[in-house]
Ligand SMILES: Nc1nc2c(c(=O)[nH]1)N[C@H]1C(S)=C(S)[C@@H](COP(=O)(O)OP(=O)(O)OC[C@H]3O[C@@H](n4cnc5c(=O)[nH]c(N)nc54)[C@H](O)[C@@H]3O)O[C@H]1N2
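The chain below stands alone and is given in structure tokens; this is the form predicted alone.
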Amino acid sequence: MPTDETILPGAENPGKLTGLKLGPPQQAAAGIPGVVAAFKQVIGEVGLLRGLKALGKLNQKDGFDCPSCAWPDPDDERSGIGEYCENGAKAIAEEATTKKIGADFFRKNSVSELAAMSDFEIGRKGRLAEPMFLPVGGSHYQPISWQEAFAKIGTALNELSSPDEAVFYTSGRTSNEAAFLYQLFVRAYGTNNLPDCSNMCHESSGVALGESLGIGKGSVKLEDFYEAEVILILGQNPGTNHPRMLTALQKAKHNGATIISINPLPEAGLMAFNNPQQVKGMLGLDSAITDIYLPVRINGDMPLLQAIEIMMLEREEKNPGTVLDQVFIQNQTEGFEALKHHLQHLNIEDLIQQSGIGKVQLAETVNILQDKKKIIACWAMGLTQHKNSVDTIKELVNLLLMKGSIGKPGAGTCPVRGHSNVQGDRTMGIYEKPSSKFLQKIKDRFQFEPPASHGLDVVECIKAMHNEKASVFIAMGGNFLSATPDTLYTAAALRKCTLTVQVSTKLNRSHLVHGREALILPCLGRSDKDLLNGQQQIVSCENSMGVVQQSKGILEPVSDKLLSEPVIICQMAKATLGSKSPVNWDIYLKHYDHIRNDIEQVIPGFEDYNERVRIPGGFYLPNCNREGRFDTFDGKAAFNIARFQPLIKKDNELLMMTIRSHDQFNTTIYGLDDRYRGIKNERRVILMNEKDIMTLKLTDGELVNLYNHYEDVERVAYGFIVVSYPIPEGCAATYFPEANVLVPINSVADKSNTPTSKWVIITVRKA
């Protein structure tokens, strides 16, 4: 097994081999190993007492919201043992660590030295403890006062020829209060350049659901899982990315639900779950999750769904009224006859071949679906990051509409969001394409004319910076460089900026690939106690199912030089807009209740916000689909017609998707093990079908380089180890963000403009 270091050219995506160790993939998620891994991380980073204090309040009604995924908390009683998962505990270990870095650390470590480290090594350094500034031509960050930092931001923004030359990025970690203030500042400044992490993950979901059902959010509640007859899980790995979902699936199974999992990889969390809060789970007695597993080819979901729909139509023709919900279709939808005509003219054999799923398995799936009406469809980025993602999700909606499975208990749509408040950020107005209704509300409340022209999304802002049409970049959280596609292109874009500003809790690669000047502004985390004018503040978040609830940190911050995101935004706004500001930022600096008072006047569904957010468990936002309504132009749900367009690749090429390991959350790397897949101490691997390994004359464990040549531009990811894995022929998987260098900036999903991180053609060559 290769152990030599392989360094990538430049600081944008350095990597080194760390010594791969392989074991058998696990057959079930969680259990004792998950508990051990979680507590080992927490105690090592936070200490026993501080760690237990944080975990005891994590996701509790009087505690703070997990900074990891957006899976909802139970509406009723929450577990006293622990209302969190392994990765939630790891997220707290990262955030609540007692390690901290400030002026001394940056004096001893140059930017170039730090940039040569891996993302894992960078993340282990500790919490940022004070504001830092990198001057033009500087090699080391140096301390700067908050007042000086805000003044530099204000000066840089005011020196631009147009507000549209600035970019304001938002991470899903940001609270509702911070997100509202951020978009208000940006629009008062004069632009809609508000790219956010939604642009890279569930933007395709929002577009597809909005166009077909009238709302860009899912329709189910957590309780619907317990009433469902069938749960479809597509392009999602809940055991790693949303582990608490496994408890809901386990309860659904206990209540009689059938679970159908559609995914290129047989993930442990899809197959079985050892619930660590139950005796059976602690003993390792697997609780099966999936009843039918369909190992679809990458990008084969649309033909799979269409084949299922065709088989359902055939059975409905033979026995009218027994398969489809004709009353629902006639009264609440439009376009069914056109869809039916379209499907009847498709070749089902072609669809089966394109999906990679056999007819027997499809028939078994239809047998389950044909007499059921309470069906939930869940999906994540396995569906959203392809060129045809919007149409694929609409095809999934077609299936639900045919069955009448929207707007009733136990049925509906469930796009499972990744970051903890990414949905709330969008609700608060973090969107580059605001509606006229929203802008009018801003105008009515604050008496200024917000810009109406659309701003830039993530891909567009990268191109604008690269073309020197945008030169100030401000990020409210996140690790922009590591999260975005085409790493070298994005890095070059950031380096062309006059100023880059990162509001962060910990050091990351985006601090080390920067503009001519750079600022790091350290902020409080979710677990930190937030005191303002001597009073403890609360913020709020919205989960995947539209529940808004309070979050109140309980730990003493590691430094007295940290500010909260709302305070940072207000001070940036004051330094930029000055006395001409149409917004009274000082009132928000008195108490966050004043922020919520204004949210209530601008955002629908937030009536009596300050009162309702303090109710234990929070409140649900309105959801027309949940109520059986569709906010479309004619009040009906729309069937969609789409023709699958296969990706043409050569015999020696593979279709690659990027995935997460079990030891990471988004760009945050907790460790080097992917326990469930049996991959340890290494991230630079490519998972390949054993037949493809033989065809390409490679060997398991061989060192290779990966190439993409989209639009005749060569992109290379150096130094990856071949690992044989049960993935469909012609497909491959690599970890994100190491392989982002291969994702072309111009390869995006139709309509949503999401980078196609699950749709990358590569060639594999021996290193």
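Quick note: we count residues from 1 along the sequence shown, nothing fancier. The shown structure was predicted, so the numbers you read here are calculated from the model rather than taken from an experiment.
There is another form of this protein, the form predicted in complex with this ligand, and it is not shown here; the text below is about that form.
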Taking this ligand in the model of the complex as the reference, which of 684, 660, 403, 514 has a non-hydrogen atom within 4.5 Å?
-> 660
Can you pick the one in 503, 396, 208, 461 that has a heavy atom within 4.5 Å of this ligand in the model of the complex?
-> 503
Interface membership of residue 173, this ligand in the model of the complex, 4.5 Å heavy atom rule | yes
Close approach of residue 493 to this ligand in the model of the complex, 4.5 Å, heavy atom = no
Non-hydrogen atom contact residue 169 with this ligand in the model of the complex at 4.5 angstroms | yes
Answer with yes or no whether residue 525 is in contact with this ligand in the model of the complex, where contact means some heavy atom within 4.5 Å.
-> yes
Segment assignment from 186-194, 360-368, 227-235, 324-332: heavy atom within 4.5 Å of this ligand in the model of the complex | 227-235
Report yes if all three of 423, 430 and 551 come within 4.5 Å of this ligand in the model of the complex by some heavy atom, otherwise no.
-> no
Residues in 737-767 with any heavy atom within 4.5 Å of this ligand in the model of the complex | 740, 743, 757, 758
